[in-house]
Structures are given as structure tokens and as C-alpha cells.
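Listed next as C-alpha cells is one chain, alone, in the form predicted on its own.
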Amino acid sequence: MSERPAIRITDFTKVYRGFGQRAHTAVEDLSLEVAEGEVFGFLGPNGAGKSTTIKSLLGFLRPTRGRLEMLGQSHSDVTTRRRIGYLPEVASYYHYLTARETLRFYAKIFRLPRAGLAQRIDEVLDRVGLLTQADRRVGTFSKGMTQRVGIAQALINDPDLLILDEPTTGLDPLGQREIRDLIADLRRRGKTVFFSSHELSRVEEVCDRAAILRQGRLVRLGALDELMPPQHGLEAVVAELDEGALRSRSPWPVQVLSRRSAELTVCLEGAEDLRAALNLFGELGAEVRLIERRRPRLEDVFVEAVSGEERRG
């Protein structure tokens, strides 16, 4: 960690109190640091406290207790906010403005100089794949295109710290890949990216470290290679396989790692399982598409971390 982290959260707690309702603790005693130039994944199931933490960092919510700092200053410091870009989980924009006019509006909020502004707007629109649609009204955009506008406004001030709440929401696979490449480019330029996401495969691809929250508490924190220990055994991707028939006839305990369309990914412990599995797959009329050494998956770590009370609740 650097002497001055890009984000420092110390003993942060947020309690919601409503009239005639029981108090609800959304986040409790959260402490973590994000180094400058780091890409940090902030993970957890719905209701874990991710958005509450982000909104508190940005001053939209007042912490019940604890201290929040960004770029070496209190989260409430106005001058620091000019160096931050933010994409909210759910954003709305003026439907009657074009994409170019929307960015000009946000540029005025940041008091960006007029000199070179037109070029800056075009650069950002090009970066998010909207330059050819720059003069269309935002109200005519699809959900994915509107999300690209949101990412563009978060970049307009060339922030040192970018905070993204579910940046790939509404994006197709191509758009998700472009966001991954964008985040990787920001890292190369020394920017700090702090983002929440349910797309764990994208987190694996771009993050240096990650934190996992469960019911407002930190349950995992560390570099990805620390969070995802090496796995033993093999995994087979098999198509046209009836899972029920597999489980009833298999001589080994069946562990299905994932289900996707007509494919199952099945864990095999070793060579004996592999020989038996290949024979059984053939008998069941299934097609083996891939066999490889089992890879560590962030999804496995995530499910283990948030199971417990989440599964019972």
C-alpha cells in the first residue's frame, strides 16, 4: 500500500433509521484501503452494502460512524470531488439532450475550460463507442447505449479515481469486453478504479484485488491469486448431458461447476474418474467438448463467502 491510498475506509458503519421502523444496519465496521493506480473489485450479493458504501464515499449519504477518505482528503472535501468520476448503478439523463450535449453539461459542472473541450468530448465518446451517435437524443438510446453515456460522463473530467457501480449493466458481451479494455487502459495510465459488479468473470480479468461483503460485513479481502487458491482435478465441459441420468448412474460424487445452455461443466477428481466419466458420457449420448485442469474461479470463492446466512435468509 502507498502512504496515501486512493481510498481509505476506517470503521465505517451506516445505519438506516425510519419513522416507526426498526433500524437497519446496512454496513458495519468496514475498513479497507485501495492503493493509487489499483483496480479494485467491490463485490457482494444484492443488499450486501456495496451501493451504500459508494454513496457514502461520494457524500450522498452521511456515515453513522467511521471515516472515509479519497485521494488523501476527507470524502466531503469539494476540491477532491473534481478529481473523481462516478457512474451510478441506476442513472437517468435529460432525454432531450444529445450524447454530445450531455457531456457538455457535465463538463460545465466540473468547470472544464472551453479550450479543447469539443475535442475532449469527441475523444470520450469515441472511447465508449458513441462517436457516430453523438448527435442523437439520449431518450432514443437503448439501455446499453445509455450506460455508455454514463461511462462517458464519468470520464469527461479525466479523473484520477473512477468509481463505477455495476458498469456493465445493460451491456452486451461486446460492450462488457470494451469496458474491460477501458479499465485495463485506465490502469496503464496510473488511474485508480473502484467498482462493484456481478460479472465475476470480468472482475477476474481486470482486478488487482477484491473485497467481498456479506450482509454489510467484510468477509474476504486480498489479491485475486490469494483469494483463489489452486484447484485439484479436472473439469469437463459436456453437451447434451442429462444431469439427472448422470447423477443416478455415476460411480463418483457428481459436482457440477456450472450450467450454460445445453452444456454442463463437471468436476473430475482424477484419472480414474476421467476414464469412468468418458465411458458414462458415451453411454448417455453426451458430447465431450473440453477437458482441462480445474482452474480457480472467483465465482467459487464468492459463493463460499456469501453462502451461510445468505442461503438461509
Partner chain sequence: MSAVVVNTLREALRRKQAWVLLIVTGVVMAGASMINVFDLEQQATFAKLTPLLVIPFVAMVLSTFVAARQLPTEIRERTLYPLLAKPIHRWQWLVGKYIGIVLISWLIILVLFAVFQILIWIKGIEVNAFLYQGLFLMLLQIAVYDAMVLLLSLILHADATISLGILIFVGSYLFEKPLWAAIEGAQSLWDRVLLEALYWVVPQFKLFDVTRAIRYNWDPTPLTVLIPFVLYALCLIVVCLALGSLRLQTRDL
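This structure is a prediction, so every number in the text was calculated from the model and none was measured. Positions refer to the first chain, counted from 1.
Omitted here: the form predicted together with its partner chain. The next part is about that form.
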Inset, instruction - Name the single residue among Ala91, Leu131, Val219, Val237 that comes within 4.5 Å of its partner chain in the predicted complex, judging by heavy atoms. - result: Ala91
Inset, instruction - State the residue from Ala245, Leu61, Val256, Leu274 whose non-hydrogen atoms include one within 4.5 Å of its partner chain in the predicted complex. - result: Leu61
Legend entry - Stretch in contact in the predicted complex with its partner chain, which is absent here, among 115-123, 179-187, 201-209, 81-89 (heavy atoms within 4.5 Å): 81-89
Legend entry - 4.5 angstroms heavy atom contact with its partner chain in the predicted complex for Leu97: yes
Legend entry - Proximity of Arg67 to its partner chain in the predicted complex, heavy atoms at 4.5 Å: no
Legend entry - 4.5 Å heavy atom contact, Glu166 to its partner chain in the predicted complex: no
Inset, instruction - Answer for Ile109 alone: is it within 4.5 Å of its partner chain in the predicted complex, judged on heavy atom distances? - result: yes
Legend entry - Residues from 119-155 in contact with its partner chain (non-hydrogen atom within 4.5 Å) in the predicted complex: Arg137, Gln153
